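Coming up is one lone chain in structure tokens, specifically the form predicted alone.
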Amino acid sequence: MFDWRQDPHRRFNPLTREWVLVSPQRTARPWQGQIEAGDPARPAAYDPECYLCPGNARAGGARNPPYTSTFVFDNDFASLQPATALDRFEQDGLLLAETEPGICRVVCFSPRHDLTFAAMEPADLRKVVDTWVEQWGELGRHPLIHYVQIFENRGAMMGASNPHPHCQIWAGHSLPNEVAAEQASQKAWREERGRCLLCEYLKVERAAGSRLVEENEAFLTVVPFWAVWPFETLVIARRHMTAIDALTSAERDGLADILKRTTARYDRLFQVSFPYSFGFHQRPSDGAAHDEWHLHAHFYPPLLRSAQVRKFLVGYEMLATPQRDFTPEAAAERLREV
């Protein structure tokens, strides 16, 4: 077999049924690209100018209560609105548009302005997990909502200008593109083979070990074989479950633990509070069982070789096929070392 540590090759992503080009020989080339500034000074525990800190006024005019734990509110500048009426426009099969009603919320992880997920106490992280479960169930029961997307953007590099620890929840009527692609693949796998795609993938990764980063009794973190981002990771529930509402109390603790340990490894590797986009993928909230789904989450950090070098999709990657130089095995080894 070819040597995937040095030979150019493609890898298949069974969740999206797309390919990624891997060019490990390119890591030897000199870097002459943009150098990012280092982390700014660590913020204070409370910022009087922060619209997410307790007691402060938000941009929309409302004032936050003096909250002491997690805090949830409807986004003042929501991308989706619950009052949007369902409607559809079509012309000659060429022009097609549909309205998209929904609900957008913000979840503050902590009243502390200076914390990150990696720096929070396990008991406080468990409260965040409990809040995610509650919000997923509440929003998913809304008759217009068919999918609830929980996600976090961390760092100005990823478009998060406010460092206060928080995430967003966008609940919409239709399935997002990535979710629809993963659902189709997981359903096809189950129909063809009678088994869960990610349950089978878990067995492969645990047996190989070379891409495994973290593991506890409830979850494991791997750099997926088909990773596109330099240090992309996949957090997968070890027990087959379709969504976070199936988590036991011990598994909720396990989720908090694996997320804390995974983000701490990123911070240690880059010696910086690392930027990323993170989010769960789980079954739709349309009332169907969706046994094909397996709960998992994605981390997409843009940092490439150090805290000063970033990498987004450009050129060939946008126009042809996603491409990466750093192999998933090498990325996992770097994360395990710290």
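Bear in mind that the values here come from a model prediction, so they are computed numbers and not experimental data. Just count from 1 along the sequence shown to find any residue number.
Another form, the form predicted in complex with a small molecule, is not on view; read the next lines as being about it.
is_contact(Ala289, the small molecule) in the predicted complex, heavy atom dist at most 4.5 Å: Close contact is absent here: in the predicted complex, Ala289 is far from the small molecule, nothing within 4.5 Å, heavy atoms only.
Examine Tyr300 and determine whether its closest non-hydrogen atom to the small molecule in the predicted complex is within 4.5 angstroms. Outside the cut-off, so no.
Answer with yes or no whether Asn153 is in contact with the small molecule in the predicted complex, where contact means some heavy atom within 4.5 Å. The answer is yes: Asn153 has a heavy atom within 4.5 Å of the small molecule.
Given that the small molecule is not shown alongside this chain, does Met241 nevertheless sit within 4.5 Å of it in the predicted complex, heavy atom to heavy atom? No - in the predicted complex, heavy atoms of Met241 and the small molecule never come within 4.5 Å of each other.
Which residue, Asp114, Glu217, Glu134, Asp76, is the contact with the small molecule in the predicted complex, using a 4.5 Å heavy atom cutoff? After the contact test, the surviving option is Asp76.
Find the only residue in Val106, Ile145, Leu125, Val179 having a heavy atom within 4.5 Å of the small molecule in the predicted complex. Spelling it out, the residue with a heavy atom inside the cut-off is Val106.
Among 76-84, 179-187, 125-133, 224-232, mark the stretch whose residues have heavy atoms within 4.5 Å of the small molecule in the predicted complex. Correct option: 76-84.
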